[in-house]
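One chain follows as structure tokens, the form predicted alone.
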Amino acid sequence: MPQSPEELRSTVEAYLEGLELWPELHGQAESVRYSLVVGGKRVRPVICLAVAEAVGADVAAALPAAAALELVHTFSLVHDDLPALDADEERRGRPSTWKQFGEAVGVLAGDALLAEAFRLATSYDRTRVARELAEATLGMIGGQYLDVTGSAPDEATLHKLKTGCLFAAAVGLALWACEVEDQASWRAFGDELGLLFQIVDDILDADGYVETHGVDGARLLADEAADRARARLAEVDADTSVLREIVDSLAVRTA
């Protein structure tokens, strides 16, 4: 029987808690662990593990990839909070990393998280996991650039890069880690996940899609993205019940 999202999240948390950081980080490791503790619901790595289970693999096969993805996400948050970008002094009710340790250590914490992520991704025998993660990270950074410079050609491009890349990678990393070659429907599902998350996020924050489409229009777009995600799952010859549960929860989330 597949594990529930809550069980998968517990697996991710335990893995991250026991993660051995590179010893030559010395005291910098403290800020890295602090950044991870401030982490949120672990949606991306949970999706990665749920895909691994759906294709019939042991979640252990995808754990390094899932953790690497979460480290990249955390790196992005640590750097987003810096004074040069969003200048956020608090994250999830705690001082942001740079506020807790100083701006210089905050920059280094993000750097270390990114490097540790790729150390995990390169632990696989084949390079496809690391390449998937690298391309997703570069896409996310490109999206951030478009955002901070106000140079995005359109709303869809901005969000596909800034948010969608890591959600698509949550699916792709699991497929490569579990050596799945038939990926078309899975990839289409991953693309819809990122869009769904972004639209609902904008509804909660009353910006982005809400500003351009209104609350009702944004809600309609979210419902359509969720329906498309469910349709892509229906094309897969696997038990995708847990992934459907994740889609349903993302569609109605309130925080």
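Sequential numbering from 1, following the sequence displayed. Computed from a predicted model, the values in this text were never measured in an experiment.
One more form of this protein should be noted, the form predicted together with a further copy of the same chain, which is absent from this view; the next part is about it.
Taken together, the three residues Glu179, Glu235 and Ser249 all stay farther than 4.5 Å from a further copy of the same chain in the predicted complex, as judged by their closest heavy atom.
Although the partner is absent from this view, Ala87 stays clear of a further copy of the same chain in the predicted complex, with no non-hydrogen atom inside 4.5 angstroms. In the predicted complex, Arg131 approaches a further copy of the same chain with a heavy atom inside 4.5 Å.
For the chain shown alone, Thr127 is a contact residue for a further copy of the same chain in the predicted complex, at least one non-hydrogen atom being within 4.5 angstroms.
With a 4.5 Å cutoff on heavy atoms, Phe75 counts as touching a further copy of the same chain in the predicted complex. Heavy atoms within 4.5 Å of a further copy of the same chain in the predicted complex belong, among the stretches 196 to 204, 52 to 60, 26 to 34, 209 to 217, to residues of 26 to 34.
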